[in-house]
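One chain comes next, on its own, written out as structure tokens in the form predicted alone.
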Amino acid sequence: MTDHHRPTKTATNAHAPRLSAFWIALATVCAAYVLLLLAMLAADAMFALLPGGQADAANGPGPLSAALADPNIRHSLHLTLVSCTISSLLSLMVATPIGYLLSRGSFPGKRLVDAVMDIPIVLPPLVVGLSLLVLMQWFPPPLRDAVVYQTPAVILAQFVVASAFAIRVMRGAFDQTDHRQEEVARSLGASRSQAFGWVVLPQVRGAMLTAGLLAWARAMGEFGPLLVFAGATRGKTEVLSTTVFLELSVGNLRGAVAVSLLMIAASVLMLTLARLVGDRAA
């Protein structure tokens, strides 16, 4: 090899400082964003938990204890747990077949159907709630009265948005599964549904759990669709996200921050579980 073709240390070193500067710039941007998020969470925790956060905090129960002692907030917490669990299960029941269809199926208009699935993600939340409200005007009055501004409206609004996220997770999981095992099962006489149930589903169990957890966390954070479609009636359709709004509207900043901490803790728990399940399934 001549000197002309041999890589030289000078050429290699010429890229090193530029590469380091590139990664340092990326790390700086990442660190700034992470610090912003952590500072927001720390500020909420200090405001709600430290006695010095409010002048009267030392003389009464802590904001978190006071929030949990409020019957309205306890009802909100209970409805949040129930509605998010139901809506996430429903989302998973819809996301699994749709994800498989979009991953394996080939049909006219597939790209359009795929794009439609993202509508709840890109639409403004208030528009989702307003669209549900207008849609229900076409249903018989008894059914409409049983849903709108009632508990089913809470579940339906959460389901519409959470399902879009669950579908994306499930489609990605089906895309990554090995098609050959499914084809082998079919070559041995299994029907399409049998191959789906016996071969494909066991491979995406971790993804199904991840999709369910993400759908649960997303359902808990919904606010706009709930406010328009279900309302924020205390003791009836109030969930944690609307509790924050109601507490702020009456000037109870401590209560709003305390409820926000509950939502943050639940979200972090769900996202951590989803990440752990996803890593084990990978």
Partner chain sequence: MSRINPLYRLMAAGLMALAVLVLLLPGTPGVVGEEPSLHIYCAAALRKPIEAIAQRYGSEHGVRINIQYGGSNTLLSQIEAARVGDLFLAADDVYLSTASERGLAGNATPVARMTAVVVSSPERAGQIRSIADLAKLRLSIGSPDQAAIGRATRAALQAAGNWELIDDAVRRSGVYKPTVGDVANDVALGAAEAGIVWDAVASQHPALSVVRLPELSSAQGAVGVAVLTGSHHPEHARDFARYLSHNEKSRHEFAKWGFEPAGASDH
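Just so we're clear, the structure is a prediction, and the values are computed from it rather than from any experiment. Numbering follows the first chain given and starts at 1.
What comes next is about the form predicted in complex with the partner chain, which does not appear here.
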Can any non-hydrogen atom of residue 111 be found within 4.5 angstroms of the partner chain in the predicted complex?
no
Can you tell me if residue 78 lies within 4.5 angstroms of the partner chain in the predicted complex, counting non-hydrogen atoms only?
yes
Hey, in the predicted complex, does residue 194 get a heavy atom within 4.5 angstroms of the partner chain?
yes
Can you check whether residue 133 is within 4.5 Å of the partner chain in the predicted complex, heavy atom basis?
yes
Given the stretches 159-167, 117-125, 80-88, 172-180, which is the single one in contact with the partner chain in the predicted complex, using a heavy atom cutoff of 4.5 Å?
80-88
Interface residue in the predicted complex among 248, 43, 68, 49, criterion: non-hydrogen atom within 4.5 angstroms of the partner chain:
248
The one option of 148, 209, 94, 185 with any heavy atom within 4.5 Å of the partner chain in the predicted complex is 148
Taking 35, 104 and 107 together, does each of them reach the partner chain in the predicted complex with some heavy atom inside 4.5 Å?
no
Though the partner is not shown here, which residues of 152-190 have a heavy atom within 4.5 Å of the partner chain in the predicted complex?
155
